[in-house]
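As C-alpha cells, one chain now follows by itself in the form predicted on its own.
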Amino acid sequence: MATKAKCIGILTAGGDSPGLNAAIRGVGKAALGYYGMKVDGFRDGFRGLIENRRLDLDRATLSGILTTGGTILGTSRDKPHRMVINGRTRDMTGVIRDNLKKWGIDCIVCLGGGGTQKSALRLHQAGVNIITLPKTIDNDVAMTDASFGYATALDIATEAIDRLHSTAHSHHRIIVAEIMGHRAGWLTLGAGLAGGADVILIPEIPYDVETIAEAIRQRSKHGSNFSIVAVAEGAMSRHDARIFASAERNLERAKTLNEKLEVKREIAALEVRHQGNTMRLARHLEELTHLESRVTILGHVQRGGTPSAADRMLATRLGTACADLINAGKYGVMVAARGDDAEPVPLEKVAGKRKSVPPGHSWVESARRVQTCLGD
C-alpha cells in the first residue's frame, strides 16, 4: 500500500523582515520537490488558520520569490490564545487544532520571532505538530546563532551611518541615528561598529548623558568637530533603567491578578513616557556640548527591500532543514542555525527567552578598544 504524502502548512507571524520569502521557498521547494509533500500557505499569520485563508504553494507560486522582500503570505501579530474575533478576545487554540485535523495538515511551519515561538509552544502543548524558523531583524531569538532578517537590516543600518558621516562632518554636527531594537542591541551595536559610530547606546548598557557629552567634547578638543551617535530605540539612561528594573521586579513579586494588572499598567505608562527618548537625548547633548544636533530615525526602512545574500543563504538552509525534520516526524522544535549547519531545539528551550548582548561580548570589547563611547 502506498504511503499517503504529507501535507504541511506555512505561515509568517509578527513583524515582517527580509528573508521570509526565501525561507518559504526553502521549506516549500524541499517539501514539494525532494519529499513529494503537499504545501499550503496561510495568509496573515495565525488568523489564517482560523479563517481558512489558504493558498496552494505550488512550484509556480514559489518561483521568483527568493529575492523579494516582505512575505507573499502576509503577516499579523495575532496570538492564537488571545485573538480578537467579532470584537471579543477568545482562545482559538482548539479551533486551530481542529481545523488542521479537518484539512489533513500533518504539520504547520511558523516563521517568526520571540512572540511566535511562544505561540508555537502553546499550540505544540495543545497537540499540534509544529516547527518554527527564527526570524527577526533584532537577532534576539534565543538558542540560534542567527535569525534571518538581521544581516540585511545590519547592512541597511550600516549604510545609513556611512551616509550620515559626510553630512555630520560638513556641518560640524552631532548626528543621532535611532536604530531598531527595543530590548536587544545587536543591530545598533553591529551597525555602530561597522559604520564607525563614535557613540553606541544599547538597551543592555544603561547610559549616563554626561559621559556621552564628555566623550563628544574630548573629540572636539582633538580636532573632530562632529560625532555620530548610534542609539537603539530601547536604550535607556541609568535613571530610567533603574525605574524599569524596579517595575519588572514588582511584576515578578505580584501575587494576585489585580496586582499584576496594576504593575503592567505602570510598565505600559513607562514605555509611553520612553517614546521620544532619542529626541530628548539629542537636545540634551546639544545643551551640554554646544554643538548643533540632528536626529535620523531609520524606522521601518530597516525591514524592507531585497534580502542580502547572507539572509537568503540562511533562510534557505533553515528552510530545507525544516523539510528534513518534517519528513522525519520531528515536531515541537525550532530550526536553529548552528555554525554552517542547522539543528532542532525544543520549543520549551526557546519560548519566553531572549538573546541579549552580554556585557563582556567580543563586539562590546572591540568597541571599547577603538575608543567608542558606550555611555557607561
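What you are looking at is a predicted structure, and each value in this text was computed from that prediction instead of being measured. Residue positions are given as counts along the sequence shown, with the first one as 1.
Not on display, but discussed next: the form predicted together with 6-O-phosphono-beta-D-fructofuranose (F6P).
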property: Contact test in the predicted bound form: residue 300 vs 6-O-phosphono-beta-D-fructofuranose (F6P), heavy atoms, 4.5 Å; result: yes
property: Partner contact for residue 155 in the predicted bound form: 6-O-phosphono-beta-D-fructofuranose (F6P), 4.5 angstroms, heavy atom; result: no
property: Non-hydrogen atom contact residue 192 with 6-O-phosphono-beta-D-fructofuranose (F6P) in the predicted bound form at 4.5 angstroms; result: no
property: 4.5 angstroms heavy atom contact with 6-O-phosphono-beta-D-fructofuranose (F6P) in the predicted bound form for residue 163; result: no
property: Residue stretch of 180-188, 100-108, 288-296, 144-152 approaching 6-O-phosphono-beta-D-fructofuranose (F6P) in the predicted bound form, non-hydrogen atom distance within 4.5 Å; result: 180-188
property: Listed residue (238, 284, 81, 77) with a non-hydrogen atom within 4.5 angstroms of 6-O-phosphono-beta-D-fructofuranose (F6P) in the predicted bound form; result: 77
property: Candidate from 200, 137, 120, 174 lying within 4.5 Å of 6-O-phosphono-beta-D-fructofuranose (F6P) in the predicted bound form - any heavy atom; result: 137
property: Members of 226-245 lying within 4.5 angstroms of 6-O-phosphono-beta-D-fructofuranose (F6P), judged by heavy atom, in the predicted bound form; result: 233
